[in-house]
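Taking the form predicted on its own, here's one chain by itself in structure tokens.
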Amino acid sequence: MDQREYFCRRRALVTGGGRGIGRAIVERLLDEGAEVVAIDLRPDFLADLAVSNHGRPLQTLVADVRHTAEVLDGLDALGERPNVLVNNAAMNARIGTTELTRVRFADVLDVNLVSGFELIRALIGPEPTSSEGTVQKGAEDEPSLAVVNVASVNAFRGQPDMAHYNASKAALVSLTKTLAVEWARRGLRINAICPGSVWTEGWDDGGWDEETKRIFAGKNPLRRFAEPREIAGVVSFLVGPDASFVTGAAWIVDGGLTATI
């Protein structure tokens, strides 16, 4: 089965798909031929996405990923449930350890970790009651569900004032490995991608000056930020047919940053 034929059989759900990395992933999967459902909290982001992708198999859903039942109801109203899931929605803000409250820590874990876990579990379905699903699959078999969890290079390194975010992304990598092993017999493939610094609208929103941007970008050997499309390309590979024997992996896409540690 060639790449186009494979993706034409895929219906993908991308959380946090309104802009930034999520939007780039949505657009890449559409280019590959998949149907895509983009979820975001911001209806204005989704409206802009829909306008720019008119005529393509895109659906949008305004939802909070923390409310799994509402997300699933919304998906059911839109049609078939997805067989590709990209857990990209995330929450982050720099907060010093002494100022970080239990509630704020829990909020970040809920968005970055627990919501993704609940979506994966819901899309997998119930545990088989017999030996069903234990048969070995070959390279030509399509996975029942292909998942990419968008983690972060901060899963492997410390960065001050981000204890809640870093811990959530490290846990997401661990969850990826555990579920990949546990559910491989059901035809599930699950991987994580761990981006380094990616230039998105959020950096502009933060009011970074050019000198600070230059210093931050210079921390990796490639001396630049990644573009969202570069992350989207790896996601496309991981959910695609050429990654048919890849599961339980954490793909670091950081311009060589962790190679210097």
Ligand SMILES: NC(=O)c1ccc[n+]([C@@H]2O[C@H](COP(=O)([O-])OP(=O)(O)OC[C@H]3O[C@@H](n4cnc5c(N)ncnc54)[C@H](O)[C@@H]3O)[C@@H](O)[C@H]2O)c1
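Remember, it's a predicted structure, so these values are computed and weren't measured experimentally. Residue numbers run from 1 along the displayed sequence.
One more form of this protein exists, namely the form predicted together with the ligand; it is left out here, but the text below deals with it.
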| request: Answer yes if any heavy atom of V147 is within 4.5 Å of a heavy atom of the ligand in the model of the complex; otherwise answer no. | output: no
| query | Hey, in the model of the complex, is D40 touching the ligand, heavy atoms inside 4.5 Å? | reply | yes
| in the model of the complex, does A151 have a heavy atom within 4.5 Å of the ligand? | yes
| message | I'd like to check something about R19: if you look in the model of the complex, is any of its heavy atoms closer than or equal to 4.5 Å to a heavy atom of the ligand? | response | yes
| Which of S197, Q59, T68, N53 has a heavy atom within 4.5 Å of the ligand in the model of the complex? | S197
| note | Assert contact residue (the ligand, in the model of the complex, non-hydrogen atom within 4.5 Å, options D48, E227, D31, D64) equals D64
| query | Of 94 to 102, 173 to 181, 151 to 159, 118 to 126, which is the one stretch near the ligand in the model of the complex, taking non-hydrogen atoms within 4.5 angstroms as near? | reply | 151 to 159
| task | Within 4.5 Å of the ligand in the model of the complex, which residues of 162 to 195 have a heavy atom? Give them in sequence order, or say none. | result | Y165, K169, P195
